[in-house]
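A lone chain, given as structure tokens: the form predicted on its own.
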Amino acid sequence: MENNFYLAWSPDSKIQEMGSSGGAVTSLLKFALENKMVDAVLAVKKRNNSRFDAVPALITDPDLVHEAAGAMHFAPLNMVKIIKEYLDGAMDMRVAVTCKPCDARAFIELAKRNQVHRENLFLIGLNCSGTFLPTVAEQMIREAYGENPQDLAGEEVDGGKLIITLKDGSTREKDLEELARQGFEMRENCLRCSYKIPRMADIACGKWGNKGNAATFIEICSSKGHEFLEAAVQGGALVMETATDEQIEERKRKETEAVENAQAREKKELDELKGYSSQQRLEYWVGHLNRCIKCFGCRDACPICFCKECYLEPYRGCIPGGETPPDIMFQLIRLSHVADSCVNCGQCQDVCPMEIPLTRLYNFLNREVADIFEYEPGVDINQPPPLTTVTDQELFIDPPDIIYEDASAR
């Protein structure tokens, strides 16, 4: 393999039928388990055969991989937390993980902090145009599409539309902007996310560029990704062909369009907040944060939080216990802990029972930190976190001459 861009599909007709875009990911996971390249696969599967009820599944039997086949846009699960909390960061276990861009970024960020063992992870990145909360999605299918949610067989986001496929094979489509006007919008963090193709993973897989073929467009992003794909092809588990220039350009066009839309959304949010005076901004956030009931849901859902003894616990003495809403320092300490590492996954806001727009606050500060330190969380594993390093300028090595125009300024 000399190229980085391929179209791939499974030679197994049953896997093709069960999986998405030719079943390449399902076939690769099955092959990796069969050939002991990994000890387990962590993926998402439907529970009770419902597309609105997804659960993470740790699979060790190759014959059960098909249970996690197919794409799901209504399953914004936290794959990173499972590896960190329940599999000891994959320190002693080789795991293949299917992950969205925000998941992949969180893995990279945690690897820098020695919370997960990157060498034991095979990250299969899945292109992501955004996800819906399952409760919103189920209501949307019923009210906006006029269909029984249990008749849903699949869905995809393409060209600014949400296209659903029903069990009888028919399709329906709605414009995303129109759905948003009806109150059925994607998760807020997804709308501002500029990472649609997870190049920080070992391979990035998706439909963009396949030109309607029953195949997965794969970009190889690491030597590990190259190794796994080459072994799968040689072992007869995958059929691959080099992507054409036209297919590569089509993929690039769709990515560019999606990223530009996300950046416009983010800019609109940031400009709105920056347009407030300091007092207005304080009132805005205090008004939201005063709804906090200190349930610790945001902390517990965050994939980046990893302090063994959280400073926010009442016994630590910083935040008084029994007060609702808690002292404003409760949220400010949370904010400071993730200011340089938030990957905009939205898990904190998803679980907040008081519907506080936490990701908007975290993203606002994260953008400020990113500009100051020229650091983007979870993108480059070789770039250390900013608050653990200093620059030559900070050490005053060869500082520039300072010319004071006014002696009183000294």
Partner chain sequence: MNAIEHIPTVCPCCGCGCGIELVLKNGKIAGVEPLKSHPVCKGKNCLKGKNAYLYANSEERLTTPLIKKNGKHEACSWDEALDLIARRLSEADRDAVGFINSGKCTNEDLYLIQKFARIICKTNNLDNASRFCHSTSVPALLSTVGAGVMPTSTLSIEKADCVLIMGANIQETYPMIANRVLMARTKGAKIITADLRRTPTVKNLTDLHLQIHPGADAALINGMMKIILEQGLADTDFIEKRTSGFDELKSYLDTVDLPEIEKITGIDVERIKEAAVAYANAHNACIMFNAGIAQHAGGVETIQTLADMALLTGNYGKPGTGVNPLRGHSNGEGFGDMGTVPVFYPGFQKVNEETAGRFEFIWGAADLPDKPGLTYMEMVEKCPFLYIMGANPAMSAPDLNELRKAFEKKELVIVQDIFMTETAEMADVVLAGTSGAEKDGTQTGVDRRVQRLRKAMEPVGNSLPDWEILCRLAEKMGAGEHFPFKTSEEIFEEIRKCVPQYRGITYERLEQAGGVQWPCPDEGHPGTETMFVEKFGTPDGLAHFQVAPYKAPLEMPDDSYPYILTTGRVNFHFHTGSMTRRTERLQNEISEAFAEISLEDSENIGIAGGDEIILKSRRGEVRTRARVTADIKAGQVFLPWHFPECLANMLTGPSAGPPSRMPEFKFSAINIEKVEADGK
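Positions refer to the first chain, counted from 1. Since the structure is predicted, the reported quantities are computational estimates derived from the model, not experimental observations.
Note that the form predicted in complex with the partner chain isn't included here; everything after this is about it.
- None of the heavy atoms of N49 is located within 4.5 Å of the partner chain in the predicted bound form.
- Shown alone here, N290 lies within 4.5 Å of the partner chain in the predicted bound form, counting heavy atoms only.
- In the predicted bound form, the partner chain lies farther than 4.5 Å from every heavy atom of G212.
- Although the partner is absent here, E249 is not a contact residue: none of its heavy atoms lies within 4.5 angstroms of the partner chain in the predicted bound form.
- Contact with the partner chain in the predicted bound form, defined as a heavy atom within 4.5 Å, holds for exactly one of M37, V351, I381, L64, namely V351.
- Here is the short version: of E309, E323, D245, E260, the single residue with a heavy atom within 4.5 Å of the partner chain in the predicted bound form is E323.
- Between 155-163, 79-87, 252-260, 217-225, the stretch whose residues reach within 4.5 angstroms of the partner chain in the predicted bound form through a non-hydrogen atom is 79-87.
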